[in-house]
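Single chain ahead, by itself, as structure tokens, in the form predicted alone.
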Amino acid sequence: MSACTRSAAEHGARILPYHRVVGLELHDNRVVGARVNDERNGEELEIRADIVVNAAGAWAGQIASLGGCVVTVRPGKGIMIAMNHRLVNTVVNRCKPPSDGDIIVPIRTVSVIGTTDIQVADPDELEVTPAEIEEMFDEGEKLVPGFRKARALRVWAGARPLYTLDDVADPRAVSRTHTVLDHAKRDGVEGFITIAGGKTTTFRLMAEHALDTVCEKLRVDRPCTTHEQPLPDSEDERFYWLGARVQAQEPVPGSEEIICECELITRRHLTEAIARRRPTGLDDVRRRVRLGMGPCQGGFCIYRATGILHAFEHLDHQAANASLVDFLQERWKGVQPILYGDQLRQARLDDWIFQGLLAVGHLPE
């Protein structure tokens, strides 16, 4: 997604992260813009547009309601668990009708098993239950014998933006196809389009179909080119190589300080990510370079990264402390439900480091 936003910015887009839509501006039964709130400082901003596209995923129904339109999105909760090693080097999928825990995917240095599919009322309320975790472990054992003995690093949940006109009890019965809704034809509200349904693997095609509708409404003839143009940093068409960071350290061992040993993130990697993203906190940096995503979940690297962020961004102590605590809390949310075995021992060690040595619970505000 970082490459997508960079590409959009290069073509003139203005990207506003951490801005929540709080209202749509309507004039003569036409949506002419939106009001958004900056979650970091509470400032409200008004955005005007000839056409407003609602591409809010599982929240699309909530956004549509702000314009007086009804879009029935049924959020389908799914959990995934990251395991400590690449237990497989290719995707392993059970050949049966789609069900819970039927696939393991190697992703960089870990393997991820998923997923469940449970309809929920609110995409912001996605509790991970012990029963779901146990089910993933049971199904993982069927795919890779010995799976339960591996170390579970983290669990998280997401919400699928399932769209259907029918009332169905089983979320898996809902098609993953996407639909473009023109609210002028559907609800009599001009200047407003919703793209609903779909999934990450088809998001480029979803964007193409949505923007084709926008061009049609604006009477603009501009053919899509995203299926032909590579995203930034993928122009050479090279795949990610697992040993790339190790190789980068081999010519002159120890020549550059390593901040995160789990993911081999050097000081240069970290400062480049900070300079490029201008982050509001360490979690933004994590998304860029996988900071704190290894076995220690930030136990040995995050206090180093906090010092670098503090110096690089010229933060005061309150902002630096808040960034450290926020990162630790975010990591804890994904570790707490799977505390057993090696990961429990690791979490206890991390707690000794941050509470016993650094007293993060008593940092000055």
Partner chain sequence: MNEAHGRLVPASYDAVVIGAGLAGLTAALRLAEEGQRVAVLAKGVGATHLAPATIDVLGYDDGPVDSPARTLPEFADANPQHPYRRLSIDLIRASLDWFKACLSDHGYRGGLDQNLLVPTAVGVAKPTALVPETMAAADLRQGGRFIFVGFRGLKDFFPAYLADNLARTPLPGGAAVTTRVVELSPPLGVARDVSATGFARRFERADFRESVLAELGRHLMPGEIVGFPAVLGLEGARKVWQELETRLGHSVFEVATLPPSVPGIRLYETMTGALRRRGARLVVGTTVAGAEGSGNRLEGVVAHTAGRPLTYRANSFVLATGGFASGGLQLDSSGEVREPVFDLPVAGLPGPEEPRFERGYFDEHAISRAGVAVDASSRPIDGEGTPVYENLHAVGATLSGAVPWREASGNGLSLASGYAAASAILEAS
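Computed from a prediction, not measured in an experiment: that's the story for all the values here. Numbering follows the first chain given and starts at 1.
This next part talks about the form predicted together with its partner chain, which is not shown.
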| property | result |
| --- | --- |
| Partner-contacting position among 182, 135, 208, 256 - heavy atom within 4.5 Å of its partner chain in the model of the complex | 256 |
| Its partner chain: the contacting residue among 37, 29, 336, 62 in the model of the complex [heavy atom, 4.5 Å] | 336 |
| Residue 297 within 4.5 Å of its partner chain in the model of the complex, heavy atoms | no |
| Residue contact check: residue 268 to its partner chain in the model of the complex, 4.5 Å heavy atom | no |
| Close approach of residue 18 to its partner chain in the model of the complex, 4.5 Å, heavy atom | no |
| Contact test in the model of the complex: residue 9 vs its partner chain, heavy atoms, 4.5 Å | no |
| Heavy atom distance at most 4.5 Å to its partner chain in the model of the complex, all of 306, 315 and 351 | yes |
| Location of its partner chain contact in the model of the complex, chosen stretch of 37-45, 66-74, 53-61, 326-334 [non-hydrogen atom, 4.5 Å] | 326-334 |
| In the model of the complex, residues of 211-250 near its partner chain [heavy atom within 4.5 Å] | none |
